[in-house]
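Before any questions on how it binds or moves, here is one chain, the form predicted on its own, in structure tokens.
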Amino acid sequence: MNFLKIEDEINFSQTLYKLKREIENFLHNEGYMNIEPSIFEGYDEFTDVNFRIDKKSTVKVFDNSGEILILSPDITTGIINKFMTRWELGLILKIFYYGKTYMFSNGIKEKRQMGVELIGEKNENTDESVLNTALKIINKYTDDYLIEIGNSKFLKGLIEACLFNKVDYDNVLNLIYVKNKQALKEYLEKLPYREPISTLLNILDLEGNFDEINRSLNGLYMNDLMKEGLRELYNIDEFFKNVTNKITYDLSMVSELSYYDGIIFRGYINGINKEIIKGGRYDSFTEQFRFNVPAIGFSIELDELMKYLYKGVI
């Protein structure tokens, strides 16, 4: 971020410091412990998991042995790679962090983040509890927000039932990601008809409150994995009915990060076109380390939150 006056830059740094301390104190009171993440990740370790990220967008460096490292584009990936190699059965990590992520797009882009991870614990209310922590944070700064929630199990169950080859699978997922309804319709019409495609044709319309989505699903194809995803969303909806009316659901939600395998959520503030909060569940990510460990978390995009809170400073 560029400043014309030194005074403006100092003021920005002070307000950012206060914001960080405020969120840190809240998370500490919620029972989370602070860690300091590394800014480096192994290139292969990151891209093998997050295969949908454009590899050209990563910021690469070389160590003395010639191994390719990258400046971290996603802090969660680094945390899992760090802790899972030493994981102990029965361990529960309830942690938060402050860090920066880096991507290359017309130059190196640096973003400030705070994040929350709950690893090793899953009970009937874990998803709701973590999501409620995210909601409390955004609600500290505005009541003009919206939380969008999806579940990757629904979309995974649906697309796998269509029996696409890898090229079609990737193309369909990318069209859903960019929410190009017409292009998705045209692409699917060229493929051999299968019953699940009837639901996939409607996927971008399956958003709104939970009751509206349920009505829209009437008569469409469903399988067990899709039903499991819906049940998880139903439980969330029941939990938050008496908490907030600022939640909406989107069954077509896709993340650029490829490791989510349950609920996915994003938090927006009215007038800001980028997410303030984003996260989800990623249990299957841990399986490559010989353990199936429940894990869920989210990040707070501090630069976007600062733009909203301190318009006169930035």
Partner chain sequence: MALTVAIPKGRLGDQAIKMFKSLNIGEIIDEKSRKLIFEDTEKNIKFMLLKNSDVITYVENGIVDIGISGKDMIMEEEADIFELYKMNIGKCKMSVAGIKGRKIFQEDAILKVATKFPNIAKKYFETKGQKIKVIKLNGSIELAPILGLCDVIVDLVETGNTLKANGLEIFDDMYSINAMIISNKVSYKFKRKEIKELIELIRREDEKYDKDN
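Residue numbers count along the first chain shown, from 1. Just so you know, these numbers come straight off a predicted model, no measurement behind them.
Beyond the structure shown, there is the form predicted together with the partner chain, which is absent from this document and is the topic of what follows.
Query raised in the report: Is F104 close enough to the partner chain in the predicted complex to count, meaning some heavy atom within 4.5 Å?
Result: It does not: once the partner chain is placed as it appears in the predicted complex, F104 has no heavy atom within 4.5 Å of it.
Query raised in the report: Within a 4.5 Å heavy atom cut-off, is I272 in contact with the partner chain in the predicted complex?
Result: Result yes; I272 sits at the interface with the partner chain in the predicted complex.
Query raised in the report: Looking at the partner-bound form in the predicted complex, is Y221 within 4.5 Å of the partner chain by any heavy atom?
Result: It does not: once the partner chain is placed as it appears in the predicted complex, Y221 has no heavy atom within 4.5 Å of it.
Requested in this report: Using the partner position in the predicted complex, report whether K179 sits within 4.5 Å of the partner chain, counting heavy atoms only.
Outcome: Although the partner chain is absent here, K179 would touch it in the predicted complex, with heavy atoms inside 4.5 Å.
Query raised in the report: Heavy atom within 4.5 Å of the partner chain in the predicted complex: which of P196, G208, G99, G120?
Result: So the residue touching the partner chain in the predicted complex, by this definition, is G208.
Requested in this report: Could you tell me which one of E186, E110, E238, E160 places a heavy atom within 4.5 Å of the partner chain in the predicted complex?
Outcome: Exactly one listed residue reaches within 4.5 Å, namely E186.
**Report entry** Candidate stretches 110-118, 79-87, 143-151, 224-232 - the one whose heavy atoms come within 4.5 Å of the partner chain in the predicted complex
**Finding:** Careful reading of the contacts points to 143-151.
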